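Taken one at a time, structure 1 and structure 2 that follow are two forms of one protein chain, written as structure tokens.
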Structure 1
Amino acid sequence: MSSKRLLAIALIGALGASACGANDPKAPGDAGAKPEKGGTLRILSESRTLNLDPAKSQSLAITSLGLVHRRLTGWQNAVGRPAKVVPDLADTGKTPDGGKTWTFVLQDGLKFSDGTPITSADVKWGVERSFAPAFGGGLGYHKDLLGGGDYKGPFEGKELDSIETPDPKTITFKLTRPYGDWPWIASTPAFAPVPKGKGAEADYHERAVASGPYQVGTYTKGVEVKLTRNPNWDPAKDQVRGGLPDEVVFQLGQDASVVSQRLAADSGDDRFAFGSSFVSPAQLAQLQATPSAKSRVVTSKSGAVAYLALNTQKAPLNNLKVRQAFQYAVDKSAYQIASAGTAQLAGDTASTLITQGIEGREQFDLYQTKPEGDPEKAKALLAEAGFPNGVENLTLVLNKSNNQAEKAEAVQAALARANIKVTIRSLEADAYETETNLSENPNYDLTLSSWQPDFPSANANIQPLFASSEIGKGGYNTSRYSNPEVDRLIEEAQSTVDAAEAGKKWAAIDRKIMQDSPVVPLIYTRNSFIHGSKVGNFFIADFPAYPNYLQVGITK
């Protein structure tokens, strides 16, 4: 869920890195010194809240939530290798009938932080809990597939019939249709166990019962969250978490530029800290001049695809030729500089919807031109479409966070070269979401967004952004693209269990959607983070473009 995901992650400080990449010496950011067990790791976060409620979380499998909660499956990702789904609480699932029924078997001897055993009923309870209206807002890929249309959560006394727990170790999901990526879905936050019968209170996240290496020690709203060791977590039964520091402290409500300056100065407790927000372009330029700090900046190899969404349901953008003109009118090079100062730090220019490092991705460019774009060609296309004098009065809405305004201005200036006149409307996060994700009939023409898949499958690149079911109602199809043929192909690819075969289908869909030009891919954004000198194993694998909280440790 990228616009949201990016925000949520950037702010909450969900960073991602990989389990097996941990010991890879070529991993970006690996400082050389091996982290050891012990110490206190500090995470400096811009957000004022830290959401540790699995039902309400959009956290990636390797970020903040993963420190406290385990899920049915986990992620293993490494530099130079595609991310893999690996066993966490359970195995990675088996399907006897081509993807419609999935069965997971839990490991023996798992315990919650309060000492009670973790059973399949607790996992079921956790999933059911995510259907309760009071605990909405988390990743919801599972909800439709489990046929939970009318289900309102377990607190009203009803169970979800599509989940069966024949014994305390086995859990079976009966889906409404075949779905090959279900093991990935089982790594999303809702698949963390919540002790059956618990978690009815709204502030459950402040004292959530832990299954991971840490439990909530103290939770000071808006200021600090201290995680302490969970004595009942067994490292031998967990292959995705290092659990090295004795304590992890989240310092909330920090100013991003102050965080960068503090970490660059590297004194006192800040040596044991890292920032969970991206380093801004101004800060990056500053850090380039300080070699000692520059060596502690870690930049991902790739990441979310940043794109300009064109509202395909509104004139004049309902005209294909007009939309194609945008592909030539934008200046991806100016966008790179506006994003991070240099193309190197910003990321490669993009031409496909499937992001780099995703299985099955094919590199292609249907609208080949210079990175600076080709305003003349755009003008010609506009003239063909019946707009020889260009188009005026288009509105570009954007979310104020993450330096978006500067990027939008770069897009605005580039489009002006082709006589496309755009007005920028910047909105606060909530207002932006209301306009783009919730509104039935919004009046924006363009929006700037970026999308990092929630799990490393092309499915998560494409379905949330281009399936017609994702228009409005909280969905992220902000180009309001609706093509029955594409919908059919998406469903077909989703039901394909074989990853390689599915990958081919997704690549074909990518190309097909780009022919309709509902979005202009701009760049595959690189994210830069900075950490203190005593933080070890801080690196970013190919997917996702965030460091791995679960493997970070303190060096001596």
Structure 2
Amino acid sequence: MSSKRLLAIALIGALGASACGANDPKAPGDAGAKPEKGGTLRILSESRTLNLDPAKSQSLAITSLGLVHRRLTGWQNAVGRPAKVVPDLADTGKTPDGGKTWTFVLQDGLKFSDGTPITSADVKWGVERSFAPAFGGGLGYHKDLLGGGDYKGPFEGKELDSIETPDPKTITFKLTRPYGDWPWIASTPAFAPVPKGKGAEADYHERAVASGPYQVGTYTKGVEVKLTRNPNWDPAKDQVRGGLPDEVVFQLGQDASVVSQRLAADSGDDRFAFGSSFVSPAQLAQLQATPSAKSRVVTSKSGAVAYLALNTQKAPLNNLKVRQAFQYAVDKSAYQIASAGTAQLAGDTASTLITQGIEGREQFDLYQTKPEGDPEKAKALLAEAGFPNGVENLTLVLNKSNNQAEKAEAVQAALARANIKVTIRSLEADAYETETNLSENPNYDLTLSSWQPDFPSANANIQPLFASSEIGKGGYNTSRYSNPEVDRLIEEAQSTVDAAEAGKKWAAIDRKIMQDSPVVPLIYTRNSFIHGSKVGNFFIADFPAYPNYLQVGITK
């Protein structure tokens, strides 16, 4: 996740948690209350927009977009279990040739909100539409795999030959190479159906034709979006959405701190609401003093991995022993305190690249040390690397909008104790994006970042951050890490269809990358959310670190 990705911005900017009321195993949510059908659910959002255009969206399969649009596949997630890919509009796909060709078959009797049948041609149109420059910005894992190249979408009258629809229920994707995670890719927003021939208008997100349990009732820019029931949604054909409330109302442009205060007070319509933004550490501390509010705070067990990226292409960070010295020089406990006031609130210290809650993840620590680090060990490694007096004149760049100054200062102070002298440079969001993700010859040495995968696979942890193809040009390999052997192993793991076998390969890649020390994993962040007393089944599963909007309902 990175500065231009909405999900990533949120994860980097808010590292909060609560030790109490966090996914109580007796009742995910509030006091075991079971939601019933009916009522109006309110979602209080900081954002002034709600993007309901699948081509432009980066929404997770369990959050806002999923209320309006179904995809070929979906996620089933629960507390204590890894997320699974499950059928949604279609089955989970079959491949006759080891992952290069994938065929999905849609369920019978599916309809759009306007009553027209949902066909494979509509899914194809939706995927093709995501290639149009005017409808960019969404997740694009599928584009290279479908051989998009210079393809500019369907509005110029051209189709993607790599997508075939031999009949109204069958859709086949012919990929450029084997890809075992394609069933997960089919759960991303672009795989929502859009009626063939529609969606050319720029404001399609305000009038999108729905396939999920809700359709757009009213869309008041910057103020409110009201979702009403889709009369043609059949709950018997949808295993990932409860569709319980009669209406879902997004209140836009809300101040996060005010939202927490309102929900803590729990009066009027706020009893039927939850906040879509993380509760800040300061607000969490206040909520602990109010038992009724404290019981309505739900916290993820884990979340994104926060890390310090080392620019491996700049001296002296192109020296392995120098990079390994950072593993001991950083004080992860100080980073925790700077993040959230206490280690418990911030999240556990991290040692792996694959985030917790991902199937196949292996726990290991190649650089075992105390949470506060070992400056003397770091100095010894620097001496072995030819720097007996340490290193100086390193620059740590920050995205100013992510409020990371205190965390950066904690890292700076720890590094100084190991004779690593660092200057902090804060940049506006656009300048930071240019420097870290776009520039071919950046000036930074270090940067702080955070990442939670876009789908529940180690593939989405490793490839975006460490494949050579993701250096510059908008990629998120901010460590500028390039290892041809790792690139080969990534492609090999991506080509593995069997999930258990692929998991072992990803865990081995995680270990191999950490041997090269391009980043220092810091903590696995926690996210906390608060809801009103009449909101039921409000839970955060092991992955992702967000509530499942699709299962929330109103209690009596």
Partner chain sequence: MSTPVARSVPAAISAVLARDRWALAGTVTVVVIALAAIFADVLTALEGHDPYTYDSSALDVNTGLPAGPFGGVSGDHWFGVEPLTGRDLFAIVVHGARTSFLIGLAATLVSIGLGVLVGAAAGYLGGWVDRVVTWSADVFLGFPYLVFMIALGAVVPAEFPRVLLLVVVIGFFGWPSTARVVRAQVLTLKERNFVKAARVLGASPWQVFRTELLPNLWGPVLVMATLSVPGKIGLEAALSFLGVGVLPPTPSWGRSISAAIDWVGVDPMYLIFPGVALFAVTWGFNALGDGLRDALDPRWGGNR
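Take the two forms, find the largest set of C-alpha atoms that superpose within 1.5 Å, and that set is the rigid core. Sequence positions of structure 1, starting at 1, serve as the residue numbers. Just so it is clear, the model here is predicted, and its values are computed rather than measured.
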Label of the structure corresponding to the form predicted in complex with its partner chain:
1
Please determine whether the C-alpha atom of E164 is displaced by 2 Å or more between structure 1 and structure 2 following superposition on the rigid core.
no
If we fit on the core, is the Cα of A380 displaced 2 Å or more between structure 1 and structure 2?
yes
Taking the rigid core as the frame, does D91 move its C-alpha by 2 Å or more between structure 1 and structure 2?
no
In Å, how far apart are the CA positions of N319 between structure 1 and structure 2 with the rigid core superposed?
2.5
